[in-house]
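In structure tokens, one chain follows: the form predicted alone.
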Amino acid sequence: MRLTQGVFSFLPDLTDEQIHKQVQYALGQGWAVNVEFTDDPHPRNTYWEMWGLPMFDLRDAAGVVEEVRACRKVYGHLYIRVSAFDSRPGWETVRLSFIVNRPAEEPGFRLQRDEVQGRQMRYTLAPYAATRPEGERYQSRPS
């Protein structure tokens, strides 16, 4: 299953040159950019681990692309995304977010159905990857 979060998620993976152009657009808008990674891409998990600090006052996207490459070297087996934040309204607002790295195997999610009080059904999305301990989620499974 291919995870579809953020913009461009229905397109083929972006090349580094395409990432550079998108980041350059974000910087041109005056947005701060950061790089994040996670092994739990559940749609409600909005707080991914940050790779370094948000990059404020950058003018050239090359620095961001270098941070993406450095993050891939360490966490290339996880999801990595780039987000751009606009602080002009007086608070941080995500204006652009897209995945720049995926694990080789994306196990997807299961729909868990629970019967609750009053014969109601409650549905929950649960990632298959989260059934394994943190740090082991995207390692090859024994055959």
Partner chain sequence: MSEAAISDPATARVDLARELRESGIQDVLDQLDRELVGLRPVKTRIREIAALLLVDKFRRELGLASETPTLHMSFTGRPGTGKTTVALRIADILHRLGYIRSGHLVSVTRDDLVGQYIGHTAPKTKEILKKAIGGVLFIDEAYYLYRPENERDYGQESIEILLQVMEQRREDLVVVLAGYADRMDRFFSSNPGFRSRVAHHIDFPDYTAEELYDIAQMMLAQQNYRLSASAEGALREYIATRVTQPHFANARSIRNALDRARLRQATRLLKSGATSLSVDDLMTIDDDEIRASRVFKGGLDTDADDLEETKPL
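Numbering follows the first chain given and starts at 1. Note that the structure is predicted; figures quoted are calculated from it, not measured.
Keep in mind that the form predicted together with its partner chain is missing from the display, and what follows is about it.
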Any non-hydrogen atom of E67 within 4.5 angstroms of its partner chain in the predicted complex: yes
How about P107 - does it come within 4.5 Å of its partner chain in the predicted complex, if we only consider non-hydrogen atoms? no
R88, heavy atom within 4.5 angstroms of its partner chain in the predicted complex: no
State yes or no: in the predicted complex, is some non-hydrogen atom of K21 no more than 4.5 angstroms from a non-hydrogen atom of its partner chain? no
Of V74, A62, L111, V94, the one that lies within 4.5 Å of its partner chain in the predicted complex (heavy atoms): A62
Which of 54-62, 77-85, 40-48, 112-120 has heavy atoms within 4.5 Å of its partner chain in the predicted complex? 54-62
Are there residues in 73-96 with a heavy atom within 4.5 Å of its partner chain in the predicted complex, and which are they, in order? none
